[in-house]
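What follows is a single chain, given as C-alpha cells, in the form predicted on its own.
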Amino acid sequence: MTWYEKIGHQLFEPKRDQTPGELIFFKVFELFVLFYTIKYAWEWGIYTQLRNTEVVLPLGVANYIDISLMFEWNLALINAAVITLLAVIAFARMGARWFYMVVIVLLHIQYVARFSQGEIPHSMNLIGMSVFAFAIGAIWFPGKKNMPRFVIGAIVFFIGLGYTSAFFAKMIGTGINWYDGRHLWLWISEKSIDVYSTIGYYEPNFLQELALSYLPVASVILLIGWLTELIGFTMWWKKLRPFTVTLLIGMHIGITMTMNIRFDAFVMQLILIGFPWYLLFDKFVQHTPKWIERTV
C-alpha cells in the first residue's frame, strides 16, 4: 500500500462498517452546515442590499464579471432566497444531485458581492468548503455509505492541508522571524481600532497586557500558534485527530484573546469533525431513524 493510499484509508475508512451513529452524526453535521449557509446568505445579502454601492476590491468571480449588479434590483436578497430553497431541498435529498453545486456557486457570488468593500474575513471559509464537499459528494459519491465518508474525509483533509499551508505561507511571506512578538503588538493595535470603532472603547485584557509588556511573551504566543499550524496535517490520522484538533481549537481561543478575532463557526466545525461523535450516538441508538435513511 502506498503512502497516499494509507492516508486515504485514514481519512475515508473504507473498511469500517457503517453504524446508525455515523449516519445520525452525518445528518447533524449537514444540518449545521445548512444553518450557517442560510445564515450567511441572508446576512451577506441584506448587508449588500443596504450598504454596497461600488466594488472596491474584486474577489473571485468578481474579477471576471461585474459583481456590482448584485447591488441593484434586490438581487442579493433574491440570491439568498434561492440559496435557501435549494439548500433545504438538497438537505432533504428531494431534488437533483447537483443542487449543492448550484448552492456553492451562488454562495460564492453572495460572498464576493458582500466583501467587495476591502475587508476579507475568513472565519466562514470552512462553511463554504463544506458546501463544496457536499456538492462533490452528492454528484460523484452518492449513497448512504460513500457520501458521509467522502464529505467528512475531504473536509478533514483540506482543513489539515490548510493549516499546514498557512505555516509555510507565513514563512515564505515574512521569513523565519514571523513569530517576532512585535508583529503581535502590531495586530493587537490594529484590532483595537476595530473594537473601539464598534463599541466606543477599548481595554486590553490580561493576556494582551502581558504580551504588550514583555516581548518574549508575545513571541512565545506567536511561536506556539505557528507550530500548531505546522502540525495541522496530522489530523489526517484518525488516532491523532482529536489531539491535533484540540490544539487547533486552543490556538483559535488564543487568537480571540490576543487579537479579538472570533472564529465561531470555524471552531464549532472543528469540534464536530475532530472527534468521533458517532461512537457516542451508537451507545444510545440501535437503529437508524427512517427519515435519516431516506435523506443521507
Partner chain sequence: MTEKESKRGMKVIGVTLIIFAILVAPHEGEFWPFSIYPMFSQAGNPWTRAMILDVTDYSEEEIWQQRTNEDFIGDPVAVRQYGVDEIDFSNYVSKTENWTDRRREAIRRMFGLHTFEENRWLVVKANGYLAGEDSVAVDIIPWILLTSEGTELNPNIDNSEYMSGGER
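Residue numbers count along the first chain shown, from 1. From a predicted model like this one, the values you see are computed outputs, not experimental measurements.
Omitted here: the form predicted in complex with the partner chain. The next part is about that form.
Undergrad: Thinking of Thr53, Leu57 and His183 as one candidate spot, does the partner chain come within 4.5 Å of a heavy atom in every one of them in the predicted complex?
TA: The answer is yes: all three residues contact the partner (heavy atom, 4.5 Å cut-off).
Undergrad: State the residue from Met259, Leu240, Leu69, Ile231 whose non-hydrogen atoms include one within 4.5 Å of the partner chain in the predicted complex.
TA: It is Met259 that has a heavy atom within 4.5 Å of the partner.
Undergrad: Identify which of Ala81, Ala96, Ile224, Ala169 has a heavy atom within 4.5 Å of the partner chain in the predicted complex; exactly one of them does.
TA: Answer to the contact question: Ala169.
Undergrad: In the predicted complex, which of the stretches 203-211, 86-94, 73-81, 150-158 has residues with heavy atoms within 4.5 Å of the partner chain?
TA: Checking each option against the 4.5 Å cut-off leaves 150-158.
Undergrad: Taking the shortest heavy atom distance, is Leu107 within 4.5 Å of the partner chain in the predicted complex?
TA: Judged by the heavy-atom cut-off of 4.5 Å, Leu107 is in contact with the partner chain in the predicted complex.
Undergrad: Classify Ala135 as contacting or not contacting the partner chain in the predicted complex by the rule of any non-hydrogen atom within 4.5 angstroms, answering yes or no.
TA: Residue-level check for Ala135: no, no contact with the partner chain.
Undergrad: Heavy atom to heavy atom, is Ile193 within 4.5 Å of the partner chain in the predicted complex?
TA: Yes, Ile193 is a contact residue.
Undergrad: Can you tell me if Pro216 lies within 4.5 angstroms of the partner chain in the predicted complex, counting non-hydrogen atoms only?
TA: Pro216: no, not in contact with the partner chain in the predicted complex.
Undergrad: Using a 4.5 Å cut-off on heavy atoms, which residues of 111-130 contact the partner chain in the predicted complex?
TA: Tyr111, Arg114, Gln117, Gly118, Glu119, Ile120, His122, Met124, Asn125, Leu126, Gly128, Met129 sit within 4.5 Å of the partner.
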